[in-house]
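Read the single chain below, which is given as structure tokens and is the form predicted alone.
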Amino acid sequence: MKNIFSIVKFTLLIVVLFAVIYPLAVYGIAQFAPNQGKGETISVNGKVVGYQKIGQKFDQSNYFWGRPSAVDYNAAGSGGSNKGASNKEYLALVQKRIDTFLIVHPYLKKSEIPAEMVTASGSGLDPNISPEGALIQVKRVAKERKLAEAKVKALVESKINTPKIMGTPTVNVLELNVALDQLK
């Protein structure tokens, strides 16, 4: 009986610790994060259109496209495909993406397509692409929107995020497409 009482006390202690104290501590720390830990949202006219750090699906030709997603941009189940670079299914999928990209961008050669435009990231939710990935889409987007290529290129260049210390420059696809919708 003594052992049972000790086990019940220990179980209650663990439940209180991990079901009450730990979540409250994480919640308290999150209050110091941007937007109190609820994610950095992007809004248009007061309406939230997405999150800055979560990629979204853009497949219409009048928008810039982000990286493909192995999870169809489902933030609840992020993850990669777990298929190796020699997997035949994976190689066929990448080739299909290349073929589709070349059909929509007939002015490009296969060698000019950045790898990120045809391969999914580890999380499947990358919000960013390289400046090169955005710039190769300028011609298509400008044509679809009946805008001057120079104007669309200038927009892309204005949206390039350069790291302050280390890292590679990126372009947030959602921010770019929101700015594109505001471009006249």
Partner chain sequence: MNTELFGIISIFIVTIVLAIPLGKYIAKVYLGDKTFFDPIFNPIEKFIFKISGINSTEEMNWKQHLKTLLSVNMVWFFLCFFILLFQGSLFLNPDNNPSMSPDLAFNTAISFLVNCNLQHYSGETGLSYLSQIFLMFLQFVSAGVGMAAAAMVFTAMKERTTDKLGNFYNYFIKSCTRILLPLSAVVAVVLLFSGTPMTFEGKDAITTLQGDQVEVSRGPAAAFIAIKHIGTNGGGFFGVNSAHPLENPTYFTNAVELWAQLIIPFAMIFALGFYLKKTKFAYVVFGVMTVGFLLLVIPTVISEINGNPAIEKMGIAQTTGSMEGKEVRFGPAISGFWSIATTVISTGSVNSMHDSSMPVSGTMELLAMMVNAFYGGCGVGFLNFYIFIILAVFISGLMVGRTPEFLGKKIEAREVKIAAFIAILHPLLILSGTALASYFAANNTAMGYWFSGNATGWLNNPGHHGFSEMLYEFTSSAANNGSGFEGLGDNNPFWNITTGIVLLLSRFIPIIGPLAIAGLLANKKYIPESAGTLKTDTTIFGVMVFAVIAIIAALSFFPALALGPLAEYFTLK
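These numbers come from a predicted model, not from an experiment. Rigid core here is just the name for the largest C-alpha set that superposes within 1.5 Å across the two forms. Numbering follows the first chain given and starts at 1.
Below, we refer to the form predicted in complex with the partner chain, which is not included among the displayed structures.
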Legend entry - G77: touches the partner chain in the predicted complex, heavy atom cutoff 4.5 angstroms: yes
Inset, instruction - Could you confirm whether R140 comes within 4.5 Å of the partner chain in the predicted complex, counting heavy atoms only? - result: no
Legend entry - Contact flag, R67 vs the partner chain in the predicted complex, heavy atom cut 4.5 Å: yes
Legend entry - Partner contact for L108 in the predicted complex: the partner chain, 4.5 angstroms, heavy atom: no
Legend entry - Heavy atom within 4.5 Å of the partner chain in the predicted complex - qualifying residues of 106 to 121: K110, S111, I113, P114, A115, E116, V118, T119, A120, S121
Inset, instruction - Answer yes if the CA of G167 moves 2 Å or more between the shown form and the other one after aligning the rigid core, and no otherwise. - result: no
